[in-house]
Ligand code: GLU
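Okay, so here's just one chain, in structure tokens, the form predicted on its own.
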Amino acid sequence: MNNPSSPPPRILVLGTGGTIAGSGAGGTGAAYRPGGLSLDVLVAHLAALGLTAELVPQEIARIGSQDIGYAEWQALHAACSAAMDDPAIDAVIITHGTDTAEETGFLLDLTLPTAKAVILVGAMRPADVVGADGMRNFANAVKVAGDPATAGRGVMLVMGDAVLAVRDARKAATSAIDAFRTFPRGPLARVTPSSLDWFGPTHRFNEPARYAFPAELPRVAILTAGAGMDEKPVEALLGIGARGIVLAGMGQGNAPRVVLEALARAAASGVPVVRASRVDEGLVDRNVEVDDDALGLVAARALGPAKARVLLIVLLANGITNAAEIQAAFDGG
């Protein structure tokens, strides 16, 4: 808890748009425009709640998170890196759409040090509808960002009165307020605008960045397995220059035999292949239903296809292409 005699935390707020800044639904409507409200408007609404924090807004974009790409990721990483080096900034909050929050958050988690807290926050309902959740989530994020015990936990996502590690968080519902789940670990904390309860101690105190931020994004594709499919989609991905493939497989990352054989040929040609699962939750282990050793494939372990793709992008961008080294990265944490 903050010392009442100390100055309020100074928090950099990076805006990217998304539903939390959505408008146009008209109170009870469904359609809306992501990023319709400027970050300054959101911050002004939050300031009216009387929270004990100084918010420093910096707008990166005003888009739906389905359109987030390298330019926005690069800008976010640069702003977060500058904040890490700025003694006047205590923490960073990023307002973000929920569709790709896990991907942006995980990319930053892999490429930023843990000296200061970085927190993503979003909403499932636009700002101008009945029951909008954005301001509560935003107020909760400010509560988390202002707590001295927040740093050293990696990048986090605050949604639905929960604090989640982005490595574990995934969007599991299209529209429900409690849309995010975590696996294999549970929430790090529960939070309201007036309370914060951590469930464990800081576990990544003052760690350096695990990897360098990519100078470019290698093309890594996600291939979803389905009954009756053949090897042609694998060949098509190789034909467009895929440098890595993530299989969103059946069950424990499985696929029809002809698909696995095509993926093995891709791996043998120097294109790393990671087996994840299209199933919502569970581990993908090595050599259970698929002989990874024989085929030269990598098991995604606890990472779903979206985050497996992000990690593979980062590894390839850092020159890590050997299957054993890639497997070690997926095994680590």
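As the structure is a computational prediction, the values presented were derived from the model and not from experiment. In case it trips you up, residue 1 is the first one in the sequence shown, and so on.
This next part talks about the form predicted in complex with ligand GLU, which is not shown.
- Screening His77, Arg243, Lys171, Arg210 for any heavy atom within 4.5 Å of ligand GLU in the model of the complex leaves a single hit, Lys171.
- A heavy atom within 4.5 Å of ligand GLU in the model of the complex is found for exactly one of Ala262, Ala248, Met124, Ala165: Met124.
- Although the partner is absent here, Gly105 is not a contact residue: none of its heavy atoms lies within 4.5 angstroms of ligand GLU in the model of the complex.
- Though the partner is left out of this view, Ser277 does not reach within 4.5 Å of ligand GLU in the model of the complex, counting heavy atoms only.
- Looking at Thr98, you'd find a heavy atom of it within 4.5 angstroms of ligand GLU in the model of the complex.
- Gly36 falls outside the set of residues with a heavy atom inside 4.5 Å of ligand GLU in the model of the complex.
- Residues placing heavy atoms within 4.5 Å of ligand GLU in the model of the complex fall in a single listed stretch, namely 57-65, out of 57-65, 304-312, 42-50, 263-271.
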